[in-house]
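First, one chain by itself: the form predicted alone, in structure tokens.
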Amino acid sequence: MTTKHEWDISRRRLLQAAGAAALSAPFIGRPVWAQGKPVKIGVILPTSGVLAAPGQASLRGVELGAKLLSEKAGMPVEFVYADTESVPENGRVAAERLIQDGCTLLIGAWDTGATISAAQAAEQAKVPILVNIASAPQITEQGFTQLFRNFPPATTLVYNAVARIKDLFAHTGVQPKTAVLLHVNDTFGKGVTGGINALWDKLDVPIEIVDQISYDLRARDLSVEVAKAKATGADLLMPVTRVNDAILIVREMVRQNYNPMGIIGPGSPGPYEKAFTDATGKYGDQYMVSVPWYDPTRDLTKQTIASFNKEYPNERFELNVGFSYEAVEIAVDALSRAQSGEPAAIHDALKTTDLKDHVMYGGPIVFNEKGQNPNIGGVMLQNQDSEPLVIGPQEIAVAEPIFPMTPFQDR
């Protein structure tokens, strides 16, 4: 739940942003905001607690979008933030509070548990909610009528990951035969693991998964789990992680001198984050993950990243930033077409979204009957010199893969 202090700080900062937008926004003939009241967009993120790092990154994406894109709404817009403190139940508390505060569109809430609880409040109030990050399939399978998700479900994450893994081995000519799956046991981890189990044989992957080892999200020691993975002797380690546990895994692998042919996170967040590469240095290099990512070849992406680097010179434009930025892009596009701040009008506009030029890899942003964007692509990243680089698909690759990986003691 958001503390009063944090809430007030967020409101002050964003009211200033709203005031700046209002100076250039047309007011004549716009009855909804004719009284000078901006349209309020509520943003729900885990900016403290165990998910604070990706939550803060997502916050930067929203703030950048608010700065660069708000005027495209054609009306003054105010962003109001709420922190879930990484507690799933707080998603609903935050959504209810934002709606009571006058927000007619919500963005959030990053993790699956908080997103579902926030969506329940949005559904009850008939206020649309844009899901920036959260992949559990049930988010769009519960019949929510107010929910729109511009992030792939776990099944698509896994499907795209498998395609990239097969591409990798075809490209390098090196074919592992066995793998061990090491995964966090939260809703996300279970969803991705379930997707792997459902699709692995179906998609004819010529790699046997010899063991599956789970661990708690808040674990501070993964020595036992890493030792179990090492004992399998599998060619590949496939971790499904968040950022903190990904760091723990690499540190344990170094300590235990565990050197499989490669580390590939199928649809796994964490290793591309700056917190990971800063913490692991050369030992985090050559770690691969298959995830939705920005398209580094698009002019719009290059321009957006340049603006981000100017605004946040010590941070990284990555998945959390990109999809959160795009959530703002979708929101202001809907407002510009709705020409109204009323929830029903915004909802109708979101249903007809068709954004062709955007920063993340994939086709036009549209939403199907369940509120899911089906056109999100997946890439294979590999950390090289502490930077996550696209190594596949070849059409947007900016680096060659290093596989098998260099043993830790030789780096």
Partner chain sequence: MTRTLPLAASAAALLVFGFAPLALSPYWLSLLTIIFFYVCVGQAWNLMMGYTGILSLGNSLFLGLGGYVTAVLASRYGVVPWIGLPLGALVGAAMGVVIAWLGFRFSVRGVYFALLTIAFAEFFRLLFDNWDYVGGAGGVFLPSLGPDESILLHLRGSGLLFYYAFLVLAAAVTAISALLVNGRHGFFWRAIREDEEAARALGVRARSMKILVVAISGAMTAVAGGLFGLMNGSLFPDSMLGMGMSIEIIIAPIIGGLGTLVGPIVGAFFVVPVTEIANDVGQHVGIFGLNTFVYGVMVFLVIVFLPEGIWPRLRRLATRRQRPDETDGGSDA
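Not measured: the values here are computed from a predicted model. Numbering follows the first chain given and starts at 1.
The protein also exists as the form predicted together with the partner chain; that form is not presented, and the subsequent description refers to it.
Asks: Does at least one non-hydrogen atom of Asp235 fall within 4.5 angstroms of the partner chain in the model of the complex?
Replies: Asp235: no, not in contact with the partner chain in the model of the complex.
Asks: Quick check on Leu59: any heavy atom within 4.5 Å of the partner chain in the model of the complex?
Replies: Yes, Leu59 lies within 4.5 Å of the partner chain in the model of the complex.
Asks: Is there a heavy atom of Gln100 lying 4.5 Å or less from a heavy atom of the partner chain in the model of the complex?
Replies: Residue-level check for Gln100: yes, a contact with the partner chain.
Asks: I'd like to know whether Gln138 contacts the partner chain in the model of the complex, with contact meaning heavy atoms within 4.5 angstroms.
Replies: Because a heavy atom of Gln138 falls inside 4.5 Å of the partner chain in the model of the complex, the answer is yes.
Asks: Want to guess which of 240 to 248, 87 to 95, 330 to 338, 200 to 208 is within 4.5 Å of the partner chain in the model of the complex, heavy atoms only?
Replies: It is the stretch 87 to 95.
Asks: Find the only residue in Pro260, Pro152, Gly113, Pro271 having a heavy atom within 4.5 Å of the partner chain in the model of the complex.
Replies: Comparing distances to the partner chain in the model of the complex, the residue within 4.5 Å is Gly113.
Asks: Have a look at Thr172, Gln124, Gln303, Thr297 for me and say which one sits with a heavy atom within 4.5 Å of the partner chain in the model of the complex.
Replies: None of the others qualify; the residue that does is Gln124.
Asks: Within 4.5 Å of the partner chain in the model of the complex, do Tyr81, Phe144 and Arg218 each have at least one heavy atom?
Replies: The answer is yes: all three residues contact the partner (heavy atom, 4.5 Å cut-off).
Asks: With the partner chain taken in the model of the complex, which residues across 185 to 203 come within 4.5 angstroms through any non-hydrogen atom?
Replies: Contacting residues: Asn185, Asp186, Thr187, Lys190.
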